[in-house]
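First, one chain by itself: the form predicted on its own, in C-alpha cells.
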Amino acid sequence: MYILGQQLVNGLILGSIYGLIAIGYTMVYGIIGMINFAHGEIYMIGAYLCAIFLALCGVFGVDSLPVALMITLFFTVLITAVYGFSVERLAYRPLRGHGRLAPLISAIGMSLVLQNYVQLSQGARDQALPSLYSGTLRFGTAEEFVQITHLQLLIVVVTIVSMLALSWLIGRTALGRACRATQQDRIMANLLGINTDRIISTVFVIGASMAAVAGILITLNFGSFNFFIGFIAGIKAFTAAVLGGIGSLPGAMLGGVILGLSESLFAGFVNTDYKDVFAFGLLVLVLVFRPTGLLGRPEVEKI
C-alpha cells in the first residue's frame, strides 16, 4: 500500500515537472500555432544559470538561502526571457507567413545551436549542485511510509499556481484579449490596432520565464544536469501538452500528470526499461479516440 502511495507521489512530482515545462509549449502554440522546439533548451539554460548564480551568491558572501534563491530567480528569469525573445526574433519572425514547415525547421535548428553552444561553453560532462535544503514530510509508520520533500511539494504548488495565473492572464486581462485576438485572426488584430509582433514576442518571453522557473526548481530537486537535459525534458513536455490538448493550459497540466503517473506506476510495478514505451503507447491510444487531446478543441477552419 505504501509502495503504491510512494509511486503515486513520485508520479505527481514527475507530472508536475512535465506540466510546468509544457505550459511554455502551450502558450506559444495557442498564439501562433507553432511548436517552439527550442523551449527544452531554454529550460536547460535555466538549469545552468541557476547553478551559476547560486555560486556567484556564495562568492559575494550572500549567506541567506532565501535571499540567494530570490537573486537567482530574478536573474535567471531575466536572462532566459532574453533567450526566449531572441529565439522568436531569429527563428520565427523572419519566417512568419512562409508556411509552417520553414519555422519548424528553424526552431529545430535553434534548438541544436543552443544545445551545442552550452556544450562548448560549459563542457559535456554532467554538472552537480549540492543539496541546499533537505526538509521532508513523511506519512505512515517508522518502517513503512510515504515521503515528499519540501522542494517536491513546491514544484507541485508552483505548477498549479502558474497554470491558474496564466489562465487568468489569458482570460481576464487586456493582454489576454490581445493574445486571443492574435490567435484568432492576426490580420484583423493588426487592423484593430493590436501590435501582434509585440504580443507574440511577449508570449515567447512568458514561455521562457516558465522554463526558467522549471530549470531552477528541478535543478534544486535533482542536483544534477547536463547540456542534453533540454532535449529529453522537451520531448516529454511536448508529449504531455499533446496528450492534454495542445493550446490548453489546464490540458498541459493534466497531460503532464497523466504522463508522470503512467511512467511512475509502470516503472514501479512492471518494468523500468519500458516505461517510455507504455507512456507513448498511452498517448497514441488517447489520440486515436480523441485526436485533439483530452481538453483540446478541434480547429475551426476559417473560409
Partner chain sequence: MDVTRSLKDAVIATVLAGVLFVPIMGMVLHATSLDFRLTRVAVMLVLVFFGRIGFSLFVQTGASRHVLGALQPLRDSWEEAKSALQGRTALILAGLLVGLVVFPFLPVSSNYVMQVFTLTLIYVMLGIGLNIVVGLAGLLDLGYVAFYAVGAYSYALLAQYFGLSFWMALPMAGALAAAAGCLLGFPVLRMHGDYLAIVTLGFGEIIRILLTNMVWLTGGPNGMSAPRPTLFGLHFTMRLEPGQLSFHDFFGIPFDSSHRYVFIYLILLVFVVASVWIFKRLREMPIGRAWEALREDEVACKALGINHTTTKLSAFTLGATFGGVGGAFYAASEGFINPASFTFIESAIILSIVVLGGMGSIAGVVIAAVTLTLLPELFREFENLRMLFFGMAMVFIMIWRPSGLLRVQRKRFEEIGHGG
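The shown structure was predicted, so the numbers you read here are calculated from the model rather than taken from an experiment. Residue numbers count along the first chain shown, from 1.
Missing here is the form predicted together with its partner chain; even so, the following discussion is about that form.
Item to complete: Flag residue 117 as yes or no: does it have a non-hydrogen atom within 4.5 angstroms of any non-hydrogen atom of its partner chain in the model of the complex?
Response: Result yes; residue 117 sits at the interface with its partner chain in the model of the complex.
Worksheet item: Is residue 38 one of the residues lying within 4.5 Å of its partner chain in the model of the complex, judged by heavy atom distances?
Response: Answer no; every heavy atom of residue 38 is more than 4.5 Å from its partner chain in the model of the complex.
Discussion item. I'd like to know whether residue 122 contacts its partner chain in the model of the complex, with contact meaning heavy atoms within 4.5 angstroms.
Written reply: Contact with its partner chain, yes.
Worksheet item: Would residue 68 sit within 4.5 Å of its partner chain in the model of the complex, counting heavy atoms only?
Response: Answer no; every heavy atom of residue 68 is more than 4.5 Å from its partner chain in the model of the complex.
Discussion item. For the three residues 175, 178 and 204, which mark the spot I'm curious about, does each lie within 4.5 Å of its partner chain in the model of the complex through at least one heavy atom?
Written reply: Zero of three within 4.5 Å in the model of the complex.
Worksheet entry | Listed range touching its partner chain, judged in the model of the complex by heavy atoms within 4.5 Å, from 160-168, 102-110, 205-213, 189-197 | The contacting stretch here is 102-110.
Item to complete: Can you tell me which bits of 227-244 touch its partner chain in the model of the complex, meaning any heavy atom within 4.5 Å?
Response: Those in contact are 231, 235, 238, 239, 242.
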